[in-house]
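Single chain ahead, written as structure tokens, the form predicted alone.
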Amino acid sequence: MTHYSDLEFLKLSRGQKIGYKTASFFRSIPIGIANFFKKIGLGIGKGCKAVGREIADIGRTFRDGDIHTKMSFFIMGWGNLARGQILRGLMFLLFEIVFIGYMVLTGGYWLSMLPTLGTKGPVKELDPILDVFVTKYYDNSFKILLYGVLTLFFIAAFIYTWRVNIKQNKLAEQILKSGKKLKSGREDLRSMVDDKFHKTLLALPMTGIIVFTVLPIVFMILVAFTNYDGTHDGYYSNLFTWVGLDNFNTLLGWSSGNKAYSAAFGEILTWTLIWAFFATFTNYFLGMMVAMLINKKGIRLKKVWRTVLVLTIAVPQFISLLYVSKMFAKNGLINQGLMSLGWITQALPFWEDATWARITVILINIWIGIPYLMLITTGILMNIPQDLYESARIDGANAWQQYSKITLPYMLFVTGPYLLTSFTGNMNNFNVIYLLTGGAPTNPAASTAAGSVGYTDLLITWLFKITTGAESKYYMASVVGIMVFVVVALISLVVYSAMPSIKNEEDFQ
């Protein structure tokens, strides 16, 4: 593709400019993906070098350290206690005691069972007292996986704390050799609410993020490599086991055999991207237009128009969308009204035909989304300097030129990140699709896969169906969740790097 300089680009016609920008965007997609994997490779390389430096430093510390530093390699906090830092030493020692106790009592068991996820499931055994067969439960695959992952996190936390302990002893030894005095326990406590207060504040939130966000994500990813479903619940019926990449082979069609899942995934992914595109940009531009019309000089009752629009989002979607779904049904209010007026002779297939259903949900989503964008863009439009418009009018610019050269670039600069998050949110917009159509109409070509796939199903609604059906294929839902993340991450990476607010950050300063 020909690359134009700034001067050559200005000489192009409007159509040529649009074509050049479009081609540049699509050309940047493979480059962005390649750069993404390149950065991953560089990050892995830097990480390996950092680990190597840490190992070398640990070796030097043990070689050159005194007896207290060497003892701290085996008994955490020894050096701090020996040098008078009682509080630090006790905290390190207590952590090591808790870790060893946990590993001896339960952690070692969970870790040893993690490779198999259990060896003995529920069995029926004869109760000699009652003289009947009763079910006895033994291993629990779900607990083994959960507590096994938790144990791995605890081990990682111990290794990190052990390394901090070594660094603290090395530093304390150097401070004493230089003739300076070490901080006392009281000074450490004062430091926690003074110069290191930011660490004190962040400690609890970071722990919460790791326990309630990172740990569940890791658990969900690992489920994708098992056969965890309704018939293999891990305890009450059968244990579940590791299956490697079999689930990914099934979803992506890498292996020969049943292609139902791969066909369903391709169909739903395509519609999800189409839906997300139209749901995002129709709301964006129409919401902006409504805000511009209401803000236009001469428009009366501006507060009334804004209030009317806001009422559509004041009512909970659970109520409004279910009601609208019934309105567009075959025997609903819309069809009955059109037939009574004589405009149609038979009911329109709003939810029965695939094309009609897809167009209808996009149009209804506009009704839902415009008020949000109207409120967002109203504030932004008020902040655009009016001098720009006055100068443009003096130079002879018409309304479209003012919009395309002043309003739109300013809006895209400010709301670029919002557009990206809105696109991501629409890819996972469960409410609109599930409450309006439930995924209907059914797609016969893809419905052999679990969940009764419909033409309006998004990946998120399909994932819901997979997990709530009779088979409850949690492993496949986990694989779908991972693929959703991959798609969203790649789109976000490419689009984010191409945003005006990122590339030309100084333009509107």
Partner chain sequence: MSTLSSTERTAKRHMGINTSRRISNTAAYTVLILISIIWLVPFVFIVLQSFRVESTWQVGYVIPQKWGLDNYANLFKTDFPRWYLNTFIAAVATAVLQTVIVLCMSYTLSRFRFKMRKPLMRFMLILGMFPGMLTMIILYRVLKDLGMTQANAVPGLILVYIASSGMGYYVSKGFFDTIPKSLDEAARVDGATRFQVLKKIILPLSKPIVIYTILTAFMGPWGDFVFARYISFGTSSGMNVAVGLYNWLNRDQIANNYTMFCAGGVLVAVPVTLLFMCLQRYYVEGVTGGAVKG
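Residue numbers count along the first chain shown, from 1. What you see is a predicted model, and the numbers here were worked out from it, not measured in a lab. In this text, rigid core is short for the largest set of C-alphas that superpose within 1.5 Å between two forms.
The following text describes the form predicted together with its partner chain, which does not appear among the structures shown.
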Kindly indicate whether Asp233, Leu311 and Ile366 are, all three, within 4.5 angstroms of its partner chain in the model of the complex, using heavy atoms.
-> yes
Only one of 287-295, 401-409, 116-124, 269-277 gets a heavy atom within 4.5 Å of its partner chain in the model of the complex; which is it?
-> 287-295
Of the options Gly101, Gly179, Gly342, Gly208, which one has a non-hydrogen atom that comes within 4.5 Å of its partner chain in the model of the complex?
-> Gly208
So which of Ala357, Ile370, Leu348, Val432 gets a non-hydrogen atom within 4.5 Å of its partner chain in the model of the complex?
-> Ile370
Does the 4.5 Å heavy atom contact test between Lys326 and its partner chain in the model of the complex come out positive?
-> yes
Answer yes if any heavy atom of Ala172 is within 4.5 Å of a heavy atom of its partner chain in the model of the complex; otherwise answer no.
-> no
Consider Phe485 of the chain shown here, and say whether it contacts its partner chain in the model of the complex, taking contact as heavy atoms within 4.5 Å.
-> yes
Considering only heavy atoms, tell me if Asn227 and its partner chain come within 4.5 Å of each other in the model of the complex.
-> no
Counting only heavy atoms, which residues in 314-349 are within 4.5 Å of its partner chain in the model of the complex?
-> Ala314, Val315, Pro316, Phe318, Ile319, Ser320, Leu322, Tyr323, Val324, Lys326, Met327, Ala329, Asn331, Gly332, Leu333, Gln336, Gly337, Ser340
Do you see a C-alpha shift of 2 Å or more at Ala329 between this form and the one not shown, with the core held fixed?
-> yes
Kindly check if the Cα atom of Ala399 is displaced 2 angstroms or more between this form and the one not shown relative to the superposed rigid core.
-> no
Shift of Lys143 between this form and the one not shown at or above 2 Å (CA, core fit) = no
